[in-house]
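Next up: just one chain, as structure tokens, the form predicted alone.
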Amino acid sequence: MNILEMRGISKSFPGVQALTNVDLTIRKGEVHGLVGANGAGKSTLMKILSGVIQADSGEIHFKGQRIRLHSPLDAQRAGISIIHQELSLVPTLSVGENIFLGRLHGKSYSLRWKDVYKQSRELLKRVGSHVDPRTLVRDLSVAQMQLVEVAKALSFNADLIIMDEPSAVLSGADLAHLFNTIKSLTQQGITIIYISHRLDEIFQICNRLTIMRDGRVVDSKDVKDVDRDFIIRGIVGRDLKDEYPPRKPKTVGEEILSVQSLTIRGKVHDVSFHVRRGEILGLAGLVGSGRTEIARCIFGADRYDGGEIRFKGRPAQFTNPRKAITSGVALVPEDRKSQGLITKFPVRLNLTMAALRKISRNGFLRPRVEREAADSLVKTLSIKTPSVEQIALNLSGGNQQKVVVGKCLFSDAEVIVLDEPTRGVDVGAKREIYDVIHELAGQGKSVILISSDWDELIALSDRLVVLHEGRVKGELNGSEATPDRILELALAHERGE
């Protein structure tokens, strides 16, 4: 039985035909994978289904009836909820308040908070969470926040839940818990649309999948009837022989940056490592291991309480990101929207803003030089945009990520810290970013790569430093680096080490 049928959906934006005559059929109680390259139209289609935007043409039939969705509230009332990749919780409110946000009627002294927290507790139990609904959201882990979002979706009596990259910041036990929650929901009769660029997850959790490319549906199949190569061909429109670039012999130079006994109170404890010219150093660990905190300290975005960071043999005086960039250190941050981009600015400005000196003369910008530089970066990184004047907010998530990478390339940094550079990026675009990383190392630049994808770390890194709860638990070289060995070190304390 089909719970959802979207028929002939088309949508255009200025300069872009986002969707063309798209048909999507979802069966009741299944987990349906939706895959495609960045800019393929997945998010646009789901925004239409969740009432955020309206289609130019086409029909939506849900539970046997044609529905018209003019707002997210219409979708919620119909039984359709969406969990966005960027979580939409209010950190300073409690879990219970977030779950029922917008539906807490009456003055604070007349609300039946006992009932709010009781219902919240019941919803959390359905998703396998034991968090106290009185806990402030800011005190939760990312994995716990994800489950709160699912509980919130259930609070609307949802029959269909759209999950947009729900595993982007999860790994290990947290990812397994999410999958168990999804299986539990389908057993309760709830249907899931699961959007992910991690193809392994599609095979692990989905019953069927639909592949989109260039605003059209390429194919819909039962997952058991396809293999990885079939999906990749559908996504990129061609065979992709190798997901990772082949390793090439290279010369690694002298040490350029070192972290010595770095300490951040409550987060990082006595961490030491170094990176050499032309080397790709991977930082592995689970969520909460301190990887991002270390990256931000290296870039001057955060202060540290003890230890030292040395750059080119001298103590680094990076008291802010500007000094780091000027010295030759760049960061692709974990959160591209709030930290890596000015989303209301055009692609051109976002690409060039970190090195205005290169496009200026006597204090004045040179528009032609700026545009040529931006056009070159768009071509190099295959950024899908109508022009460099497109507002960054209007790009797909993966293309936004490419813009952030491009900004670092334009800064001519000698040390580039990449924090989850391929999160939310399709398989074809990932390979393009991998090639850029290898090219940077080949030019003698140093790369510090942080990723939750351990296969990615193993394939790209010359050395791996594994962290657990803010401490270095081991360093792996070449053949020593395997997923099992990384996991063993990342879970050190749980194994009695």
Ligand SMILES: Nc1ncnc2c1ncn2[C@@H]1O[C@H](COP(=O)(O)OP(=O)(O)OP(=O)(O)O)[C@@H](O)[C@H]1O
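The first residue of the sequence shown is number 1, and the count goes up from there. This is a predicted model, so every value here is computed, not measured.
Quick note: we don't show the form predicted together with this ligand, though the next part is all about it.
Trainee: Using a 4.5 Å heavy atom cut-off, indicate which stretch of 55 to 63, 35 to 43, 431 to 439, 448 to 456 touches this ligand in the predicted complex.
Mentor: Stretch with heavy atoms near the partner: 35 to 43.
Trainee: In the predicted complex, which of the listed residues (N394, T292, Q119, T380) lies with a heavy atom within 4.5 Å of this ligand?
Mentor: Spelling it out, the residue with a heavy atom inside the cut-off is N394.
Trainee: Can you pick the one in L24, V16, L487, L476 that has a heavy atom within 4.5 Å of this ligand in the predicted complex?
Mentor: Residue within 4.5 Å of the partner: V16.
Trainee: Please tell me whether any heavy atom belonging to G398 falls inside 4.5 Å of a heavy atom of this ligand, as the geometry stands in the predicted complex.
Mentor: Yes - in the predicted complex, heavy atoms of G398 and this ligand come within 4.5 Å of each other.
Trainee: Might H197 be said to contact this ligand in the predicted complex, defining contact as any heavy atom within 4.5 Å?
Mentor: Because a heavy atom of H197 falls inside 4.5 Å of this ligand in the predicted complex, the answer is yes.
Trainee: If you check in the predicted complex, is K384 within 4.5 Å of this ligand, heavy atoms only?
Mentor: The answer is yes: K384 has a heavy atom within 4.5 Å of this ligand.
Trainee: Answer yes if any heavy atom of G234 is within 4.5 Å of a heavy atom of this ligand in the predicted complex; otherwise answer no.
Mentor: Output for G234 is no: heavy atoms all beyond 4.5 Å of this ligand.
Trainee: Quick one: name the residues from 308 to 333 with any non-hydrogen atom within 4.5 angstroms of this ligand in the predicted complex.
Mentor: Sequence-ordered list is empty.
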